[in-house]
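Coming up, as structure tokens: structure 1 and structure 2, two forms of one and the same protein chain.
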Structure 1
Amino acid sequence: MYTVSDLRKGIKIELDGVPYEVVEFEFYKPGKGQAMYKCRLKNLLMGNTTDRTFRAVDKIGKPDLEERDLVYSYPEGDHYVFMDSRTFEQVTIGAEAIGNQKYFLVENIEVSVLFYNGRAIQVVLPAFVEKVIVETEPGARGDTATNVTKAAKLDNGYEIQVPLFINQGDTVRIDTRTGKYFDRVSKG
């Protein structure tokens, strides 16, 4: 159990059987009465946020969370298979835990997986991955206007906006947090 004074940004707590992460934290003391702790909490199962106020005497549950580093192996229907590189155990994770990050999975990429009561609830990829552009319109020579982009398709069908100088076959770096083009790694 946590006490309210243990609350900090980034700490994970459990309320009513649901794990939350503290996103914002503010302490305030009204002129009269007890000190209050105002928190913005992110639901780790659903992804939505909520505001909650705690009194100094409140007790808060500690969730059964485990974080493991796994290596992505291959897709299997609506699931994705990962391997623990220490124990060589295979772990199958459903598409709902991965979300749109499935487009950035690359074979043998190391990811951090958060488990709640033995169930994977969150997959965190490295900040950047490299993917090959398989389809885009050719860039016209002399198009040097800043911030002009065009659509490009990756090898898995995901579509991103890239600068005009990117061509089919180029390898680009993508920011997995935003899903957007970051820079060109090599020409095709």
Structure 2
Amino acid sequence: MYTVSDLRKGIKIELDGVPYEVVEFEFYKPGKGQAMYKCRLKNLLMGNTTDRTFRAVDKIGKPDLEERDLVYSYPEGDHYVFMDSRTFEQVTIGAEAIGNQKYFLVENIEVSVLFYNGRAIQVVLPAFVEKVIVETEPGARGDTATNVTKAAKLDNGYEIQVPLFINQGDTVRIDTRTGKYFDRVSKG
């Protein structure tokens, strides 16, 4: 259990069986009243934020959280198989914990996985990954403008907007935080 004196920005707590991260924190006290701690909490399962005020007497749950760095190996049906590069243990993670990040998984990239009660709830990819464009309209040679875009597809069907000069077979870099094209790495 935590007490309110443990609260600070970045700490992870548990309320009613849900893990939260404290993203904002302010000490607050009416002149004659009890000390209170106004927090903005991020729900680590749903991603939404909520406000909560704690009193000095409140006991706050400590979530069973573990963060592990894993290397991505291959998909297996609805799941994705990773490997712990220290122990060589194979770890299978369901698609729901990965969400849309699944489109940016590339073999052998290292991801950071947050486990809650032994279950993966969050998978953080490197900021940039490299992917091959498997389908797009032929490039307009010499058109280097990056503000005009066209649709393109990755090998897993994910559709992305790319500049006109990108061709089928080109390798591009994608920002996994936004899911958007970043730059071209090499021509196909």
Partner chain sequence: MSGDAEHLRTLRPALELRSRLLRALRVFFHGRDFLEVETPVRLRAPAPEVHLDAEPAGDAWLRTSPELHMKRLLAAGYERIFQVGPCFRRGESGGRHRPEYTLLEWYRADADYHDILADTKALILFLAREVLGSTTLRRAGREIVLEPVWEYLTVSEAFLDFAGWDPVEHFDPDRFDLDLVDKVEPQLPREAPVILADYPVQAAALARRKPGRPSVAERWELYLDGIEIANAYSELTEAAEQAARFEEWNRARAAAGKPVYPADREFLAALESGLPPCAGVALGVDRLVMLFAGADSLDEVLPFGGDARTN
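If you superpose the two forms and keep the largest set of C-alpha atoms that fall within 1.5 Å, you have the rigid core. Here, a residue number simply tells you its place in the sequence of structure 1, counted from 1. Note that the coordinates shown come from a computational prediction; the quantities given were computed from them, not determined experimentally.
Comparing the two isolated chains, structure 2 is the one taken from the form predicted in complex with its partner chain; structure 1 is not. When each C-alpha is placed with whichever rigid part superposes it better, Tyr37 ends up alongside Thr53 in the two-part motion between structures 1 and 2. The smaller of the two rigid parts turns by 13° against the larger between structures 1 and 2, as judged from C-alpha superpositions. For Glu24, the Cα deviation between structures 1 and 2 after core superposition amounts to 3.3 Å.
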